[in-house]
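First, one chain by itself in structure tokens, the form predicted alone.
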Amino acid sequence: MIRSLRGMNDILSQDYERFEYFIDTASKIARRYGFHYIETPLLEETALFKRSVGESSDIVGKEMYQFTDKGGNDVCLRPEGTAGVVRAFIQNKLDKKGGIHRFFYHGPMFRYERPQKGRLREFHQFGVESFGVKSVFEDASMIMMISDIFNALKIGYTLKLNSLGDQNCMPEYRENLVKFLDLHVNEICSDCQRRKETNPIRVLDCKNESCQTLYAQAPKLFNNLCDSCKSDFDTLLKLLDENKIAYEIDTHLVRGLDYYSKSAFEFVSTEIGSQSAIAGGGRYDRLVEFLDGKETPAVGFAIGIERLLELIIMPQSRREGYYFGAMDDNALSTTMKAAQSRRSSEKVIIEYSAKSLKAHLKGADRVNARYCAVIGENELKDGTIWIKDLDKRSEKIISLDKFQELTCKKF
């Protein structure tokens, strides 16, 4: 039997209801914040991610689904969403137009890593990207949007914050951190030894327990911020305080991608095991320029959908739409015609076999229909249809002609 590839799962009806509910909820909230939907291709040039995510990152070094296509192009399945949105932003010359551009997106991403709970090789993200706003107020709005999404879904979280500095204060901090690592080079893991040479700040994100114990003594970027970065971070904290959003400052919080600067934030949950991060993002003011666009301030975030599914509390299911059934074989075509007349405005389920009224009522209940509409021998002869409102427990018989004219609300 042919099976799906490891780490690439089917999404069946029960899970998809939660999946769809999340997408619908998050999209509505993003639109309330003034964001518009964008969709980018699953397949991009590999160079896009090497330049944006960074060749030193684990994503580019180990995890991309990369191959040469039939045209000889070096391509890969997208491992994250931001780079593709930035590419679209530049390609469509929005950087040259100036102004503010706000986008949200959702869809599958691909990384070749060891599958585990909450982490798949094909996974789905909901993301938001904002271009053209330098103010830290936009960073605060991003955090508030995530908070609104999780509150709407009744998902508990802890918000962690840090500042990654900018090109003014990061170089000096990186130099101080490398000096510290050089003194302890034999005490750190092999991954951190590699990161020390390629992207030293990433060592702070190491999950090795002995490394984390050592890094408690390392220099803190938070203590080396320039006046501008420190002012922005203080303003961000003030805005969150004023809007009653609790947070923790985590001086070891870094982003896994090379393009972030200044504010970095992460939402974590204690309910999903070791993979506790459920959303993360920050500011990336230089990425548009790195990808040959006009220098444009930007900030964004992404939410891993699979990690959330089991945490989402679905609202109580409400009955909706119609269930249509016939009690006589001769009434099947008339029943289908009546059902089709409702499909322009209502959800409709049709039973194609003639059954008893009791069986049809059970069928309507099974699909959670609001109305059970049945045509039997007598109704067929009289040109009528029997309808029961399963919420109100009321029933009536009306003419088929009248039924065509009525809306659901009139029953």
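Given the structure is predicted, the values throughout are model-derived calculations rather than measurements. The first residue of the sequence shown is number 1, and the count goes up from there.
Although not depicted, the form predicted in complex with a small molecule is the subject of the following passage.
Proximity of Glu113 to the small molecule in the model of the complex falls within the 4.5 Å heavy atom cutoff.
The small molecule is not drawn, but in the model of the complex it has no heavy atom within 4.5 Å of Val203. Residue contact with the small molecule in the model of the complex: Thr82 places a heavy atom within 4.5 Å of it.
In the model of the complex, the small molecule lies farther than 4.5 Å from every heavy atom of Phe290. The candidate stretches are 243 to 251, 125 to 133, 172 to 180, 336 to 344, and the one lying within 4.5 Å of the small molecule in the model of the complex by heavy atoms is 125 to 133. Screening Arg102, Arg119, Arg194, His184 for any heavy atom within 4.5 Å of the small molecule in the model of the complex leaves a single hit, Arg119. Interface residue among His106, Arg78, Arg307, Arg87 relative to the small molecule in the model of the complex, by the heavy atom within 4.5 Å criterion: Arg307. Not one of Val348, Gly376 and Trp386 is positioned with any heavy atom within 4.5 Å of the small molecule in the model of the complex.
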